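Just one chain follows, in the form predicted alone, and it is written as structure tokens.
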Amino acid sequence: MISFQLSDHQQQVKEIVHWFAENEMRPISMEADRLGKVPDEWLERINQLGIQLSTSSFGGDKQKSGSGEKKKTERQGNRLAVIASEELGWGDPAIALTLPGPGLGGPPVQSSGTPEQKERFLSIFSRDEPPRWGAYALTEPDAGSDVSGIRTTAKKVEGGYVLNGQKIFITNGGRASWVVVFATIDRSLGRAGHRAFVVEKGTPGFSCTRLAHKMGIRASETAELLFEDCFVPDENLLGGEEYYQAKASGPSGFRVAMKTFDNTRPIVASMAIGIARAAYEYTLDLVRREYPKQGSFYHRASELLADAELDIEAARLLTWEAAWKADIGQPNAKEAAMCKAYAGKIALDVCAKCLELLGPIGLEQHIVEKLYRDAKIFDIFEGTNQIQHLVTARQLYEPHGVRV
């Protein structure tokens, strides 16, 4: 059976990250939203403390025995990541996405990169260095939900590839030291023609053309990237040529992208849960203090808050299951899609209910109003709610020979 009680280590991570969210993130949350950026001096200070946005930060898969030798323990990196991400989402999702580190670019490098690539691209994130970021570039103007339709091309030339195309809605894309970019070597091959490249900042032909101004997560940088005859050397093909040539039906960049989503969707779901919990807790406290303790208003408020708590708890359990399956090495595509779909939806629903209960005070320059604006993107990025339902349906029917 699965235990729903946090281990001592997991509880410690939860408490430490919550302290950070409450004491470091919340005090600058509204100002960062107003400015549309996280202050540089804050990022410098946080980086010096060694705080980064990286799933590898929550490792703990090995521990030392009494003799000093490392012994294998149950993997829990994914569970620790979702526990921590919920607290970061509770603090401020835009600031969480802006924390230095490889971010969403980390999982594909970690899972598909060669040992040399992992060392080269992941070792640059250090408290002893200036803040650095990684990024993940998949979405295009004509390829959002339909990832298989990407049009960015990668033409093989001597010593590498030449990339041409455009990417949009890329978190930290303008400031990133490197970006994992997905392109196709031959559109006629469909998904089999997809490849993943690590493109480094300053590469000729690679530029950031625009930063988006958004409804929510305003303090998080969202960039448009352009590749114009951008030469990328062979050593920056993620996994190397051998990775794609191992079998005739071997892995493609599309599979790299899908494998990445299986790891990142539970993290995005947990951040959405944190948003919902933050709005719920604020509103619950206000209702307890200021609502009359009898009459229809109080009963209506109690009903809405009970529904909110139910939704939050259900979303958390779905997310924990997806993370647990990843930790024990079982396929979790269905569970990752389910938790992302449900958590993204309930985050918006819970924030809407809380705004209804707050009335006029919650509508202008208020933390719950901000959370409501922030919540919508969690129903969209890392795959829209509709795509999550499609992935779930395919996983359900595929064993029965039915293609959805």
Partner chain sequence: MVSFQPTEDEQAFVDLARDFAKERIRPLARECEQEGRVHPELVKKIEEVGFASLELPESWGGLEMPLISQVQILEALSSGDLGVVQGLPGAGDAASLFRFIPDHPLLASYKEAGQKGTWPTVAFLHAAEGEIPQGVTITSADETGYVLNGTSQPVRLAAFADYLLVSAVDSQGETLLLWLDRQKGNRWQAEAGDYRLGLLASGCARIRFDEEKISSDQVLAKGDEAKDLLAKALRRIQVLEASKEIGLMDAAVSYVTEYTAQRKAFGQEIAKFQGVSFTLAGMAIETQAMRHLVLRAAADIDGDKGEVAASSTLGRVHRALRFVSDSGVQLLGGHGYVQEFPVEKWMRDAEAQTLLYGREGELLIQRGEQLLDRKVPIEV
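Positions refer to the first chain, counted from 1. Note that the coordinates shown come from a computational prediction; the quantities given were computed from them, not determined experimentally.
Below: the form predicted together with the partner chain, not depicted.
The three marked residues, 25, 99 and 187, fail to reach the partner chain in the predicted bound form, with no heavy atom of any inside 4.5 Å.
Proximity to the partner chain in the predicted bound form, taken as heavy atoms within 4.5 Å, picks out 318-326 from the listed stretches 174-182, 197-205, 213-221, 318-326. Proximity of residue 386 to the partner chain in the predicted bound form: non-hydrogen atoms within 4.5 Å are present.
The partner chain is not drawn, but in the predicted bound form it has a heavy atom within 4.5 Å of residue 342. Using a 4.5 angstroms limit between non-hydrogen atoms, residue 16 is distant from the partner chain in the predicted bound form. With a 4.5 Å cutoff on heavy atoms, residue 299 counts as touching the partner chain in the predicted bound form. Between the options 143, 162, 192, 305, the residue in contact with the partner chain in the predicted bound form by a heavy atom within 4.5 angstroms is 305.
Out of the listed residues 229, 241, 313, 129, 313 is the one that sits within 4.5 Å of the partner chain in the predicted bound form by at least one heavy atom. Residues of 273-304 that come within 4.5 Å of the partner chain in the predicted bound form, judged by any heavy atom, are 280, 284, 287, 288, 289, 293, 298, 299, 301, 302, 303 in sequence order.
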